[in-house]
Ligand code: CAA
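Shown below, as structure tokens, is a lone chain in the form predicted alone; questions about how it binds or moves come after it.
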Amino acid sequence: MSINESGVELSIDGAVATVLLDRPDVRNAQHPAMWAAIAGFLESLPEEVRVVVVRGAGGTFSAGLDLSLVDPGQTEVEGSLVATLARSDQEVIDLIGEYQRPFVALADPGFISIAVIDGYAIGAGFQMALACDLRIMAEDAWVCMKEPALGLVPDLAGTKPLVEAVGYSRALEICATARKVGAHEAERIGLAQSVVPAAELDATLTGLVASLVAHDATAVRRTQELLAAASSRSLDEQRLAERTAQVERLRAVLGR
């Protein structure tokens, strides 16, 4: 199954779903129609899907937000953020909440999401990569949280996973300076799990996917749920969650 909608190609092949940002002529710049298409796709995935891969076409992950959306001279563009300012503050807050849907959906513990980053991931592109559970980067790729340099803040659910990955101080430094973070530094500070030559991205992805789907789907999902919630729980709460999940697993495995 494969569909191409609003500049994004969405496909399912067995246990693997793929989100391909497919606007290579503008370096896969993102706009609200893309986010709506991705959100709808992810929120309706069949249970058989265990891995979601996110990548960009044409050698670039994503240049971030389509800048026509913040151009005062292009308020007629669908999704124009300049035109949006005619609404009340609460309406804008609610609208951004809709824009955040695909970024939240990528963190669903029902599957493991992988961002495959070549070229660069800027702003919204970086936040989409951060929304994923795992990140593979080409060794010449880089990421950048550009929003503060534009007078804006990261608002696509990227601040929490960034802090969780690298800690508050490093996250602040990366955002406040809006600097480029290269692949090897990203791996060293915990942003990337693998860094390989660009020519090896596909092979690395194939090997990782094979490893991720090799074990019992429910056991992996329950473990993912435990890990995802661990930082928000006390030790006693986490211990209880582990015991509760294990009872279900013991009955499923030993009661066969």
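Heads up: residue numbers just count along the shown sequence, starting at 1. Treat the numbers as computed from the prediction; the structure is a model and nothing was measured.
Omitted from view is the form predicted in complex with this ligand, to which the following refers.
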Here the chain appears without its partner; judged in the predicted complex, the stretch of 85 to 93, 168 to 176, 110 to 118, 139 to 147 with heavy atoms within 4.5 Å of this ligand is 139 to 147
So in the predicted complex, does Gly64 come within 4.5 Å of this ligand, heavy atom to heavy atom? yes
Could you confirm whether Val153 comes within 4.5 Å of this ligand in the predicted complex, counting heavy atoms only? yes
Please check if Gly123 has a heavy atom lying within 4.5 Å of any heavy atom of this ligand in the predicted complex. yes
Decide whether Asp236 counts as a contact residue for this ligand in the predicted complex under a heavy atom distance cut-off of 4.5 Å. no
Though this ligand is not shown, can you say which of Leu191, Ile38, Ala29, Val52 has a heavy atom within 4.5 Å of it in the predicted complex? Ala29
